[in-house]
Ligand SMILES: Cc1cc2nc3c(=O)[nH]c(=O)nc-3n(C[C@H](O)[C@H](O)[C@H](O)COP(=O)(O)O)c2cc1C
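Below you'll find only one chain, the form predicted alone, shown as structure tokens.
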């Protein structure tokens, strides 16, 4: 199968670990673009090692990493201990991301992204991508380098304006020292703060490998943004994923003044409609996403000039996804009963972006349950950087303990309704922390409005479905006919 083949279906990069290596590999082997989630993979790799999850596959990938001294350090630190676990947390702590990464976290982040891509690509020559959030900036450079080391074919990025990523990919794939400006809350921009990554320094004197530059697909919500990115001084994306506000995860906020419906959800209007003709005139491949989970929508997209569609929700609940199995099954059963409503919550995400939440029992998707959670910020991926009174950089999150956030200069009103997505999304894949004080993190599930249609992928008499079932329905044919 040629790697130059243009995919028709992009499997979306969802949550923390929901777009797993196993899901991406399955989709990739069927001739489409399988995508892994690159969010918090340093954390999830460490926890997998601690509990021997996917042990054989992880060890194979670790053994393939070019700098084995780093692998020895990671194995030494995170391998399961024979010590008595009584009165200890389920998982050892992993360093929290900051602008200047510690050596331990830098190595773990590069290795984790390498491992995830390597596992997804192992044993076939299909296309594999990695999805990152622009809002989660501090891990970006080491994450990209780790993925490039493993031969990732595509990088996808949204939840912000990823204007510098083409130049960053040029630099990292040439093993050049690379910098990325980091947003500092309420800063006037007179003193730019950079995240920095040096492949030469990282390699500690060992030989640098020749690398392939992956293609870059920017996730956008409008033609003006796509045009702006295509004309950037930092280089143009290789294409776009044009995402509608009914997609899962983070959504772009409505253009203009925020207005809420009777149920407290953002109202999208005429200004948020996409000008497909203007997108097409840019002259780059594009994919439509958000509500395109059917063959009819696939045909509609191609008729609008798109190369295909990106689909997330349908894949999120298939057998190969990284969602914890019993939770996945509970949601499918809830959909059968007409339950499991998806709500666009304007407050839940600490990023300030609207975030889709599935209202399912025993999860933080239920407001009353979420409000009972004791606030703690011990993972820190969605913290924002801010400048302290003394000029140094600090970190804060509106989902952390309220008093802590306010002491750091945050506004009290910004804490209302915020939920800890870091811990909740990790719990959704079954790797939630259980603390020695008896508290346990519970899941928060995100999905697009298409959740109500996932039953179309179930064959008669079955209670689950596979990624191949999704592809078969989306393409309107048996897989044997289209490959």
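Residue numbers count along the first chain shown, from 1. This one's a predicted model, so the numbers in the text were calculated from it and none came from an experiment.
Separately, the form predicted in complex with the named molecule exists; it is not shown, and the next lines address it.
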Decide whether residue 349 counts as a contact residue for the named molecule in the predicted bound form under a heavy atom distance cut-off of 4.5 Å.
-> no
Report whether the minimum heavy atom distance between residue 142 and the named molecule in the predicted bound form is within 4.5 Å.
-> no
Though only this chain appears here, would residue 246 touch the named molecule in the predicted bound form if you measure heavy atom gaps against 4.5 Å?
-> yes
Decide whether residue 450 counts as a contact residue for the named molecule in the predicted bound form under a heavy atom distance cut-off of 4.5 Å.
-> yes
Assert contact_stretch over 179-187, 286-294, 329-337, 160-168 against the named molecule in the predicted bound form, heavy atom within 4.5 Å, equals 286-294
Exactly one of 219, 399, 117, 110 has a non-hydrogen atom within 4.5 Å of the named molecule in the predicted bound form; which residue is it?
-> 219
The unique member of 357, 311, 127, 148 whose heavy atoms fall within 4.5 Å of the named molecule in the predicted bound form = 311
Taking the named molecule in the predicted bound form, which residues of 123-154 have any heavy atom within 4.5 Å of it?
-> 131, 133
